[in-house]
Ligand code: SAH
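What follows is one chain in structure tokens, specifically the form predicted on its own.
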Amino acid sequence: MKRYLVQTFGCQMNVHDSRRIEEVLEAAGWQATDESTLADLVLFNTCSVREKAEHKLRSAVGWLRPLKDERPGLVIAIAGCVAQQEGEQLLRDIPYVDLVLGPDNIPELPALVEAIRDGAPPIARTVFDLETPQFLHAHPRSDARRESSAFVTVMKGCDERCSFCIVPTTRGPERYRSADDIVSEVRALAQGGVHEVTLLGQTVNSWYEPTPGESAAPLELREKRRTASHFAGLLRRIAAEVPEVLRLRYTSPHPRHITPALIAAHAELAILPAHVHLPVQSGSDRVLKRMLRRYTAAEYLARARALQSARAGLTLSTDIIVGFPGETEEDFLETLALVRDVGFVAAFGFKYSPRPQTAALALGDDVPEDTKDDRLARLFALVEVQQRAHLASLVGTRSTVLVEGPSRDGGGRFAGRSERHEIVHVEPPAGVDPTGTLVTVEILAAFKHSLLGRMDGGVPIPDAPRTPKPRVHLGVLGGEGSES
């Protein structure tokens, strides 16, 4: 039996891609393993949004060099955004890597690996599918890895061209999937036991019904063809046609596409949870302009407040970059002021790092590293105060929790997400496994990054659950942040 191991770096899109990689390999007769010493293929699915992720990749690949020397037949592959960014250069830089694979070339993976196993030289395959975009379908799992939540891609690529972001280079221009195809996939997942679906895209809420061949057209022509987002209509169609789905999330939206129709959908569709992750990046108009974000702080605040007004109790989280070229202390204080005004309950914060092939390279990197560190710490401190106050305010209330599975600390406890996306630890009645169900919970206590709850008929949990320490973010959100 041929065995593979996939290690994932980066955002939800990379997690989704890794699942599709697993599916195409298993369809070709491969079996998963958690041990690199047992694997015939080790694949790293990579992120290049921030320099730190690339450093992690090179360190992880380096650990395999002795294993490759012992087992020359081991295939080492690099997929994802770093693969797309570097291409054949990765083969020159890391000569024991056998395969470099772009995100659009995942369907070719089994055949490329077999070619290498048959003696072919190292291969770099990084070609965008512009003429006829392909979207790999997510499939419900029927084995022990069965999940109650799943990702569904609705678009890929990005046309925003923010000055700090490498995504347009590594993911290509925006390509959209048809509504029929999206709804079909969501329906299949729901029939397979999935109760929560998260729609994915680099600018997910810019989605609209695609026109054949438009992905290969120049950016100016694509912008002219696209008169408005159809995303709210897609949400309504899924809600109407797939009632088995209990929650419908999306990530990551761009503030420019928070339309009146989308705000109305949040007011009217119970399937949409009371939480939106809405990247802002900065609260300074001067910095936003240098970032090419195409909105002002006031415009962002107006859209955030409109969302909060549309749904009682709706919470917001965000992405923020500190130390962008030219950011002054006054600029940073404006960011902190926006954080207070919006009342973010969680934030992914990052220090600016120059990325190749981005416009921001021309601006230099003139904010000292210790200043970036200080600003990041101050940002996190403010968000933590707001988050703790928010979690404390929920004690004594009732919440609906989609239970995802046993808590990591065991003890018969389970963990899930509330309608606002908080982590909630619960203890069900004796003998009950609530995994995959939507339960009503009384909130008994608030901890640093999570809540303690009791299901109807259950008993309180005596001790605070041990939640994992967040790596680069504060809050109750999973993953590595978004790319919008």
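Note that the structure is a prediction, hence the values are computed from the model and not measured. Sequential numbering from 1, following the sequence displayed.
There is another form of this protein, the form predicted together with ligand SAH, and it is not shown here; the text below is about that form.
Heavy atoms of every residue among Val49, Gln202 and Phe350 are located within 4.5 Å of ligand SAH in the predicted bound form.
The stretch from 67 to 75, 161 to 169, 406 to 414, 188 to 196 that comes within 4.5 Å of ligand SAH in the predicted bound form, counting heavy atoms only, is 161 to 169. Proximity to ligand SAH in the predicted bound form, defined as a heavy atom within 4.5 Å, holds among Gly102, Pro133, Pro210, Pro279 only for Pro279. Contact with ligand SAH in the predicted bound form, judged by any heavy atom within 4.5 Å, is made by just one of Ala79, Val383, Leu288, Ile321: Ile321. Contact between Ser229 and ligand SAH in the predicted bound form is not found at the 4.5 Å heavy atom cutoff. Looking at Arg249, you'd find every heavy atom of it more than 4.5 angstroms from ligand SAH in the predicted bound form. In the predicted bound form, none of the heavy atoms of His266 sits within 4.5 Å of a heavy atom of ligand SAH. Within this chain, Arg311 is remote from the site of ligand SAH in the predicted bound form, having no heavy atom within 4.5 Å.
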